[in-house]
Ligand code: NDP
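Below you'll find only one chain, the form predicted alone, shown as structure tokens.
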Amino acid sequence: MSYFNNKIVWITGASSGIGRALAIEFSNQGAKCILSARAKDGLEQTNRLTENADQNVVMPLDVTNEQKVEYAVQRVIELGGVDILINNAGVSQRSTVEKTEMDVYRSLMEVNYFGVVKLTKTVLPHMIEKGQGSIVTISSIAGKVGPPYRAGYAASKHALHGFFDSMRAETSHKGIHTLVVCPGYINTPIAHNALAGDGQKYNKRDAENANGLEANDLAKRILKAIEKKKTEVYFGKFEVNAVRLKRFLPGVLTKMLNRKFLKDPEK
């Protein structure tokens, strides 16, 4: 029997990409999924792709709306609570520091950091009361290494590591498992939905993501990491080596990232 059989898994950002792949994989493993994102149509499409769509719950949610987050958590508790929370809602960025407006940075932090913190804080007391639960947050390799065109995105993901490292230290003895997942380039629509410097959608496809790890492969690896109670994991292709380079050869990494930027400096 699967470790995830009959577990209730709440996935944010479930309307596409990594969230959709996770919903399908959890469903394959016998879990009941609560699917959240702003786009109801996308959530319903995700649900139709799962094996047990009749058992899942489609629950549209904007994680930046604190009142709606509180209402959603209360509803989830009434439905039976949550065993695994997947903080996957997020938005990326494609613009230089020079060309990025401050409102874009604020938007990135609201979705990628404050929205995650609010949902986590609201769910956490109920998991502590039960004495168990997994809180899984999808960060990024950019949460460890800041690449070109993603300063605000990288900052929001870096912030998640500090928050969840502290929370893990405070709650692991209470039965709470905290996992931060750092994907590299994943073949999803993340670039299309990324914010340009003026706050509009970038609406283009990056070759890096198009050639990246497939989302379904990533989802399988994430489930294994949850089952093994990992605390921080890195998944991708060659780009995951940037984490080691930053630690041991930071000067080399700086030169590599600068060369990468100079090849295409006009985003």
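Remember, it's a predicted structure, so these values are computed and weren't measured experimentally. Residue positions are given as counts along the sequence shown, with the first one as 1.
The same protein also exists as the form predicted together with the named molecule; that form is not shown, yet it is the one meant from here on.
- Remark: none of the three candidate residues (A31, L35 and S134) comes within 4.5 Å of the named molecule in the model of the complex, counting heavy atoms only.
- In plain terms, the part of the chain that comes close to the named molecule in the model of the complex, with a heavy atom within 4.5 Å, is 181-189 out of 96-104, 72-80, 181-189, 163-171.
- Out of the listed residues I138, V145, L108, L85, I138 is the one that sits within 4.5 Å of the named molecule in the model of the complex by at least one heavy atom.
- Though the partner is left out of this view, D62 does reach within 4.5 Å of the named molecule in the model of the complex, counting heavy atoms only.
- Using a 4.5 angstroms limit between non-hydrogen atoms, V91 touches the named molecule in the model of the complex.
- Contact between A39 and the named molecule in the model of the complex is found at the 4.5 Å heavy atom cutoff.
- In the model of the complex, the named molecule stays beyond 4.5 Å of every heavy atom belonging to S27.
- Contacts between stretch 142-161 and the named molecule, counted in the model of the complex as any heavy atom lying within 4.5 Å, involve Y153, K157, listed in sequence order.
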